[in-house]
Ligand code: BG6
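Next up: a single chain in structure tokens, the form predicted alone.
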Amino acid sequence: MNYKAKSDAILPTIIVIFGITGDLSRRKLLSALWYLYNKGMLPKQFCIMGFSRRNLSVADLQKLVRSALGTGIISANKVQVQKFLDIFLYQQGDFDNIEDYRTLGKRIDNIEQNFGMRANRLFYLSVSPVHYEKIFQSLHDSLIVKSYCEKGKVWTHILVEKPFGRDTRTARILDEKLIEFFCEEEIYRIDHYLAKETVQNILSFRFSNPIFKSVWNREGIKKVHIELLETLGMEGRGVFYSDTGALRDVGQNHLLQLLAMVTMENPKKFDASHIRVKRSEILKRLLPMQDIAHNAVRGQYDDFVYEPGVTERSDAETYFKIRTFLDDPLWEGVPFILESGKRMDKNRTRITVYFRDMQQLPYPVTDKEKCHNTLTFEIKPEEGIEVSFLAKKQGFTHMLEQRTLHFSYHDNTTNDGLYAYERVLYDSIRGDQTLFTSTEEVHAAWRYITPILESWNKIPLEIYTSGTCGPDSRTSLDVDNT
């Protein structure tokens, strides 16, 4: 999808990044902002204000930004990079100190005076979720966000990273605080997987190609396998993972959102108001897991307890695999397998749709156990779509073998290469919430996941060797029962 800069049509905008010195900001946000800036996709009057506990000067912050961009970008774009650095300002502050927010508010007012007009305000919470509630309250108490809900005027948007809560109860408490101070139209809950090109293309692919319409249901689909596997371990997230675990980290959000994209009904219109409703409808139809021992596996890689920050004898899972079903006539009996793990033997995220086999094939197959009609959405490491089918094997016999058709975004030279966080930031500035999760979606997902978390101790935590496929019992969920 190609984007054109609309900077002339956008009011001056101020982005405040809470936790600008943190890992997410340095790895993702600063580079994403640079690419948008370099493409002319940010407003002409634009400012980025960093807010963090560290005592930094503006020069120190610019040095941090330079380091995040890397020498390759800087050497190739020296003049442009300096212009980009000049839009950064810094405010030292404690997330729990209301006076620091009042100081921030005064600085934002000064920036608007320099702009000569009121500015849109975007607050990005690149911080640990434990700070969310206090930041919501302080933004309100300091009057930084007061009276910004009026239609047709400057806006305030607040961007919140996952995980949003730990369970149904804590998510609701957070939401009550958030909705107390912000309108639903101002709240942008980030699930960066929704911003990936292949994930966006799931809906385009499904609803623009009639060849799949008649088989996109329980009559045509045998099962769906959604995987998010990583070769990496904690990478500095030991404290977080000890308290959170894989199911909270990626199951409640990324994998359930991918499930919704595969199974949701046609939204008719491709905008936020229609797509988010259809996603939430699917999440509300997830059947509660009745027999967790039969439908779930959880594991922990062998070196996890030695990772920096990991609590001694932590029983947090670094791997899970669950089988779930939908209370929907269209998908009755179709198992959806959700799987994620750290320190695995491969690094990939993909959705594989397995179509039902023909009752009777006219010709023999080279390997009946491995030959199926499948449709795979490859999300990571490369983004693309692959279709597998049976075709005659070359030669004098009528033996069938599996062949594939593959489309890769890396081969598509018309793609402008926007990364997920660029799209997140770009859409939040434009005011498009399509790729952000709604309140209803968050609560529906937690209502499904929370009972599983409460029953986790009913199944053993299996230790698996780093660099392998995971716990041995994982294969029990692959047995077809349809």
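The shown structure was predicted, so the numbers you read here are calculated from the model rather than taken from an experiment. Just count from 1 along the sequence shown to find any residue number.
In what follows, reference is made to the form predicted together with the named molecule, a form of this protein that is not presented.
When the contact criterion is heavy atoms within 4.5 Å, does K196 count as touching the named molecule in the model of the complex?
Taking the distances in the model of the complex, the answer for K196 is yes, it comes within 4.5 Å of the named molecule.
Taking the shortest heavy atom distance, is V160 within 4.5 Å of the named molecule in the model of the complex?
Answer no; every heavy atom of V160 is more than 4.5 Å from the named molecule in the model of the complex.
Would you classify R279 as touching the named molecule in the model of the complex, given a 4.5 Å non-hydrogen atom cut-off?
Taking the distances in the model of the complex, the answer for R279 is no, it never comes within 4.5 Å of the named molecule.
How about K342 - does it come within 4.5 Å of the named molecule in the model of the complex, if we only consider non-hydrogen atoms?
Contact with the named molecule, yes.
Quick one: from D249, E378, E307, D100, grab the residue that has a heavy atom within 4.5 Å of the named molecule in the model of the complex.
Of the listed residues, the single hit is D249.
Select from the listed residues R323, R189, H254, H225 the one whose heavy atoms reach within 4.5 Å of the named molecule in the model of the complex.
Spelling it out, the residue with a heavy atom inside the cut-off is H254.
Just one of 329-337, 279-287, 173-181, 229-237 has residues with a heavy atom within 4.5 Å of the named molecule in the model of the complex, so point it out.
Contact criterion met by 229-237 only.
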